[in-house]
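Coming up is one lone chain in structure tokens, specifically the form predicted alone.
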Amino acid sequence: MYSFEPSEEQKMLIDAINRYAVNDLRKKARDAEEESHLPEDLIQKGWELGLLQASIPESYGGFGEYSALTGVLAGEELAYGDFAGALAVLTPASFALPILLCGTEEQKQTFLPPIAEGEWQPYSAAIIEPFLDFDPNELRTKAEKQNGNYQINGEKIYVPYADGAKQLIVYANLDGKTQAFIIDPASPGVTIVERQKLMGINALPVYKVKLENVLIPGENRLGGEVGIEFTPILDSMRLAMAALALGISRAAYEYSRDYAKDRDVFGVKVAQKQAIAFMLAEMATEIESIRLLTWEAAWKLDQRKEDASKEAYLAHIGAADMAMMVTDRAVQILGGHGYIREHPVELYMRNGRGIAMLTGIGMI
């Protein structure tokens, strides 16, 4: 049975992340969105909190051990400050954690210490494809084995920091199964096409990437010759999005709640109007429900003996719906002010819309 009481180490980490989220990320979120740029020192400050490093054992340059539950707690706090900033800080985890979870000993020794021991660097991952029926378990990007090496062809979108990435993990279909390959973006056949313009998270640079007959050595297949079991990685991706959705939704709920308590309309506080009170109550209920489901999935993932796939999937799709409902109602509660960029709720709503489609650009 799992506990609802965080450990002392978790409390310290969450408190530190909350201070960074509120005092740093949130204060610069609007300017970063308008300028389509996150300051490097802002990302570096978040990196120095040590969230990823705390997931990596000392033998690979970190100072802790992997915990999905700690990850979802931390992910919510980061996104409570800003979704784009949270994704930026977490981008190297989308490269490092699959290696930690599924890599060979040689791959762990080669790739993890430079990430864990250094400053933030743009290590990234590419999984999402530009198709309406995109399914991470049935990728159209293909990998073919050739004389002990692998040739990869396909197209990816929403790849964070691809233009300057040190290394990429690219997911591809190999003999009907999703496998992962470590690729140098400077390899022949890799083309960083363009920075994509999105509805939200404009502060985070994401790119379209084409792979045309990209040849990589056999040792760069994640997990070596036997490959990987993709399910735990996908579960972690889904939980990352669920946790970030909770952070966005909590921020939107609290802002609209406080606005409703302070705003007078015809001599009555907005929060005292029954329709608004019911909306706020339903928002809070949905947030708590998805949080518990996300915690349960993360706990199961940590146990390693329990299949967390069902809970992770439900947490993700539930979080996507919850984020849209909560952020949309936050805009409604502010009335005409909700549509003005002076208030953050319109940004929360635009960012929340991306939860459903951004699986894979973050891990916890």
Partner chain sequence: MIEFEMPKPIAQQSYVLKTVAENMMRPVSRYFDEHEHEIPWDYINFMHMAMRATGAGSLAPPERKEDEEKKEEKKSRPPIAYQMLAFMLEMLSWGDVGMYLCTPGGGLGAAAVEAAGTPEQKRKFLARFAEEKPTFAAMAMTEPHCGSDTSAIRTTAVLDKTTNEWVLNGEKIFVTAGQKSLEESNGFVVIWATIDPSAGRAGIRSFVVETGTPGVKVTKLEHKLGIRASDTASIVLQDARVPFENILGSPEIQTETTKGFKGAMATFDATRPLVSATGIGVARAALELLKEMAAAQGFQVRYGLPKTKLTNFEREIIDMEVLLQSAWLLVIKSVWMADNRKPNPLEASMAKLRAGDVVTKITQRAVELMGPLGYSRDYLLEKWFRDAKITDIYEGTGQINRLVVARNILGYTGRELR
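Numbering follows the first chain given and starts at 1. All values derive from a computational prediction rather than experimental measurement.
Beyond what is shown, the protein has a form predicted together with the partner chain; the following relates to that form.
Next item on the list: Consider Asp321 of the chain shown here, and say whether it contacts the partner chain in the model of the complex, taking contact as heavy atoms within 4.5 Å.
Entry: Yes - in the model of the complex, heavy atoms of Asp321 and the partner chain come within 4.5 Å of each other.
Notebook entry, point to check: Using heavy atoms and a 4.5 Å limit, would one call Leu38 a contact residue for the partner chain in the model of the complex?
Noted result: Judged by the heavy-atom cut-off of 4.5 Å, Leu38 is well away from the partner chain in the model of the complex.
Margin query: Residue-level question: is Ile216 within 4.5 Å of the partner chain in the model of the complex, judged on heavy atoms?
Written below: No, Ile216 sits far enough from the partner chain in the model of the complex that none of its heavy atoms falls within 4.5 Å.
Check: Does Asp264 reach the partner chain in the model of the complex, with heavy atoms at most 4.5 Å apart?
Finding: Asp264 lies outside the contact set for the partner chain.
Notebook entry, point to check: At 4.5 angstroms, heavy atoms only, are Phe63, Lys145 and Asn149 all close to the partner chain in the model of the complex?
Noted result: Heavy-atom distance to the partner chain in the model of the complex: none of the three under 4.5 Å.
Check: Heavy atoms within 4.5 Å of the partner chain in the model of the complex: which stretch among 200-208, 161-169, 267-275, 218-226?
Finding: Flagged stretch: 267-275.
Margin query: Considering non-hydrogen atoms and a 4.5 Å limit, which listed residue (Asp175, Glu117, Glu106, Glu288) is close to the partner chain in the model of the complex?
Written below: Flagged contact: Glu288.
Item checked: Of Val190, Leu101, Ala284, Ile157, the one that lies within 4.5 Å of the partner chain in the model of the complex (heavy atoms) -> Only one listed residue qualifies here, and that residue is Ala284.
Note to self: Using a 4.5 Å cut-off on any heavy atom, which residues of 62-82 would contact the partner chain in the model of the complex?
What the structure shows: Read in sequence order, the residues that approach the partner chain (within 4.5 Å, in the model of the complex) are Leu69, Leu73.
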